[in-house]
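Here we start with a single chain on its own, the form predicted on its own, put down as C-alpha cells.
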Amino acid sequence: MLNVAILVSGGGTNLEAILLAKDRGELPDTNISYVVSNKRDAFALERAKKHNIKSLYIPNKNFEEELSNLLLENNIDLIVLAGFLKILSKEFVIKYPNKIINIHPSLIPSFCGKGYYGIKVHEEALKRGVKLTGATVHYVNEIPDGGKIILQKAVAVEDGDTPEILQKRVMESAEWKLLPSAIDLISKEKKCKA
C-alpha cells in the first residue's frame, strides 16, 4: 500500500479529484494518510475532513521540519503537491528523491519554473498564442518544475479563451485526471517491487 501525504495551499480542487478517484476505487493500492497545508484557512483542509482524512496546518516558519517529522511518523511513501504554493527547499527535496510529485498547469517545458503558477501560466500561454497547452505531473527536484516528467495531457486553446476559462478547462480535462493516474501508476510500481 502506498501511503500518501497531500500538500495543499488553497481550495483543494486537485485534492478533491484525488479523493473522488479513491472513492470510485481507482486508487486501490493507495492510502491517503494526511492532507497538510501551509495556510490555516485553506478550504482543502475542510475537504479532507469531509472525506475523513487526517489534516494538519503547519505554519511556514517551521514547515519543513514539522513536515519531515510527520512523514517519518506516518511512514509516508509519496508526497503529492496538489496546488501547494510554497517552494520546498533544496535540502528538503534532496532528502526525498523520487518521493515528491507535483501537478503543473502547462506542458513542461513551456510556461514553467519560478514564478509560473496558477492563472499566470494561462495568461502567458494566451499571450504567446499557443494552440495547445495542458498539464504535467512530474517528480520534484531542486529546480522548480525541473524534475522528470511522469505524465502529460494536452488541452486545446480555443478562440475566445480568457485565462480563467482556459484554467478551468485545463483543470477539468487534464489536471483532475492526470494526478490520480500518476499516483496509481506509482502505487503499482511500488507493488511490483514489493
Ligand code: GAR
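Residue numbers here begin at 1 and follow the sequence given. Remember, it's a predicted structure, so these values are computed and weren't measured experimentally.
Although not depicted, the form predicted in complex with the ligand is the subject of the following passage.
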| item | value |
| --- | --- |
| Non-hydrogen atom contact residue 103 with the ligand in the predicted complex at 4.5 angstroms | yes |
| Non-hydrogen atom contact residue 173 with the ligand in the predicted complex at 4.5 angstroms | no |
| Contact test in the predicted complex: residue 180 vs the ligand, heavy atoms, 4.5 Å | no |
| 4.5 angstroms heavy atom contact with the ligand in the predicted complex for residue 78 | no |
| Selected contact from 71, 88, 82, 107, since only one has a non-hydrogen atom within 4.5 angstroms of the ligand in the predicted complex | 82 |
| The ligand in the predicted complex - contacting residues of 1 to 39, heavy atom within 4.5 Å | 10, 11, 12, 13, 14 |
